[in-house]
Structures are given as C-alpha cells and as structure tokens.
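In structure tokens, the next block holds one chain alone, the form predicted alone.
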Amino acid sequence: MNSQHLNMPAKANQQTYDLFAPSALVNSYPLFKRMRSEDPVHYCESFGYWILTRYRDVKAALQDERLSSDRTALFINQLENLDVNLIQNFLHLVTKIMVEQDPPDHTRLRKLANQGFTTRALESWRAIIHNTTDQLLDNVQNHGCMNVVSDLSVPLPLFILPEIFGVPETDRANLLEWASDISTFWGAPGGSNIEIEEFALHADLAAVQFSALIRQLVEQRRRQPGTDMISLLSVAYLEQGFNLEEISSLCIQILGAGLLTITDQISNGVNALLRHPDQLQKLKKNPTLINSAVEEMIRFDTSVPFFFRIAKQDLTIGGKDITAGSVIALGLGAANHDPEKFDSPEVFDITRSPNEHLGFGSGIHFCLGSVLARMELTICFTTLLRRLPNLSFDPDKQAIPTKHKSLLFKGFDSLPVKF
C-alpha cells in the first residue's frame, strides 16, 4: 500500500505479522496474542496502517472523537497504483453510508435509520426468521447430514433480508450478489494487484446496479407504501425533508452487515459449539442459556474481527505517536480475547458473565442492527439444536474456514456436519 494518501510513521516497527497467512486465516487468535504481547499498537508497513489489539485501546478508539469513520482515503489506497475512477460509483454509494460518517451527519442519519428498526417492525420479522429457519432444516432433516454454510447460514439471511426489505423474488439473488461484491471491497481485502482490481471492478458495477434497484423500489413504495424496511425509511426521509437518494447508502449498510456478518457468525458459532462438546451439552440441557451462549459465540469468534478509523489529528495511543491521516485498524476480535478484560479468554464458556465483548462495536457507531442480529442468532441456534440434537462434525468431509480475503469479515466457506 502506498503512502500517497495515508501517513506513515517516521520509523516503522520491524516486527511483521502476516494477518493473511494460512494459519492466521484458520485461527487468528494465537497471532493476536503475540501482537498484544509484543507490539499492541503495531504499524503494519505492508498495509500502511496501525493495528490495535488490546481491549482498552480498541474500546477507547471506538469512542474517540479524534478518529474519523470516513475511510475514503483507505478505499483509494487499496487501489495501489490503479486509477481512482475505477471506483467512482462505489465511492459515491459508500461514502454516504452511516457507518462512514462523523457527527453531525452521523447523528441525523442514525435518527432516520432507527425508524426502520422499530419494536413493532422487529417483532413482525420474528415469524419470518422462525419460518425460514424451519423451512431450511426441513430440507435437510431426512438426509442425516448438511453443510452449515450452504444449507443454513447463507440462505437464512438471504431469505430474511430481502423479505424484510420487501424486494421482489425476481430481484433477490442479484441484490444479495451486489451487496456481497460491494462489501468485499469495502472490507479491506488482501491479495495481488490483479485481485484488487477485480474486487474494485465488481464493487463499482454492483454499486450502480444496487442503487438503481433501490431507487426503483423507493419510487414504488412512495406510490404504495407498506410495512417493509424501504417503506419505513422512505416515510422517515420524506417527513424529515432528506434526500431519498441517500436511502441506497443506508440500505447497502444494512444489507451488507446483515448478510455477511450473520452468515459468518452462524458458522463460527456452530464450530465453537461442536469444538466444545461440554458447552454444547450444557446448552442442550438448559436451553434458557441461549442468550448468554450467543453473546459468547460473538465474543469467542466474532464475524467482524476488525474495524477502521482515520486519525483526524496527531495523537498518541499506547505510547506510539500516530500522525493525522493515519489509518487505524481496531482489532475487535483481538480485544475480545484480551486477558486484561476477560478471565480465561481462550475458554469458550456459554455462561460467561459479565461479557462486555466488542462484537457490535461501542460508542455512537454501536451496531444499528444488533437487536435483529441477536434475534436471528437466538432463533437459529434454538431451532437447530431442538431439531438436530445429535449434531456433530462430519468426519468424512473437510471444514474450510475463512472464505473472505478481507480483514473485516471472518467465517467458513464450508462446514459439513451430520446428525
């Protein structure tokens, strides 16, 4: 990564940590432990940004007004020496999303976005989640085996989110493919220059197509409003006199977050339970532990291990001087395993309390869809363990971890199980 837009420290630390090494992609927590111990505020020269791995530093950074959420410079730097026009449509869409905004713009957008997550709306979606989970398990119930990823964790949000948004069935596959393409480049992918160019091209084209569909749906809902997410948001935007064009940016945030993160958290959670059979048995014997079990799944192996901020001014973190314009990667996953915060952090304990993990962030950018995410995960795991109580790894098939070449997302490409 070049330093045309981002500032580098005068003297970079010589210690290197390969976050994309095969061993780190399979299990990043030993690497995070080393980084916390050896260089908890580490400058990664190959990527051109700082990495925080201690809980106290990460949480403080999430709430630090001196750090900006506007990552335009990072997106441009991901291109290396490629033309910035390659992502002009992508930038037009994502630089307006709420998670990329600072106050006061973030404040007004958050207020509007909350209109799409009313208690009434959330409760109306509960039945959709229940029915979809049951339908997916109906499909495999008599097979004796399934792939958690392709049979459950991918199709669950794939069916739920378009239903919540009121997207016609004919457009759903495209909508979710576009959301995935946009999210991949947005998530700070690693790879060769050729791969980065491919990610950028896909993301830019997807931004055009996604925005066109959302504009079409907004226009339809203005004529015939319903109870879906786009109808609720359209009404809120019109009542407040805001530009309806901005709805596309909010929709891609909700869809991108709700699609990839839930998909990955389900597979990560199943993997954690099956690798800790004592905890699995405890949950099956006492299903009322499901809420604390879900929180521990998120802490133990979060689907969003990193988030990014940009320094708006010179500052010092953990004794390291960080100049204005520097990119800082906040290690949520690493922070969730910090022994200074959590007793025996490498132990998976579904009764852990308190459990102040950072899986949903902290501060003004605390995850907008956290209530919906918790509802999906709770219903999914409750139904899964009730209907398939003999769930176990399939010894004849291989689990393939981490499908994403991205720091922001962590999950499985394949997770075969039998029952």
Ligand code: HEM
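Worth saying up front: this structure is predicted, and the values here are computed from it rather than measured. All residue numbers are counted from 1 along the displayed sequence.
Only in words, not in the display: the form predicted together with the ligand, which the text now covers.
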Answer yes if any heavy atom of Phe210 is within 4.5 Å of a heavy atom of the ligand in the model of the complex; otherwise answer no.
no
Does Gly369 reach the ligand in the model of the complex if we count a contact as any heavy atom within 4.5 Å?
yes
If you check in the model of the complex, is Phe90 within 4.5 Å of the ligand, heavy atoms only?
no
Would Phe381 show up as a contact with the ligand in the model of the complex if we use heavy atoms at 4.5 Å?
no
TL;DR on 300 to 308, 316 to 324, 272 to 280, 79 to 87: the one with heavy atoms within 4.5 Å of the ligand in the model of the complex is 300 to 308
Could you tell me which one of Ser183, Gln265, Ser248, Ser234 places a heavy atom within 4.5 Å of the ligand in the model of the complex?
Gln265
Looking at Ile230, Val167, Ala257, Ala179 here, can you tell me which has any non-hydrogen atom within 4.5 angstroms of the ligand in the model of the complex?
Ala257
Using the arrangement in the model of the complex, list in sequence order the residues of 328 to 366 with any heavy atom within 4.5 angstroms of the ligand.
Leu332, Gly359, Phe360, Gly361, Ile364, His365, Phe366
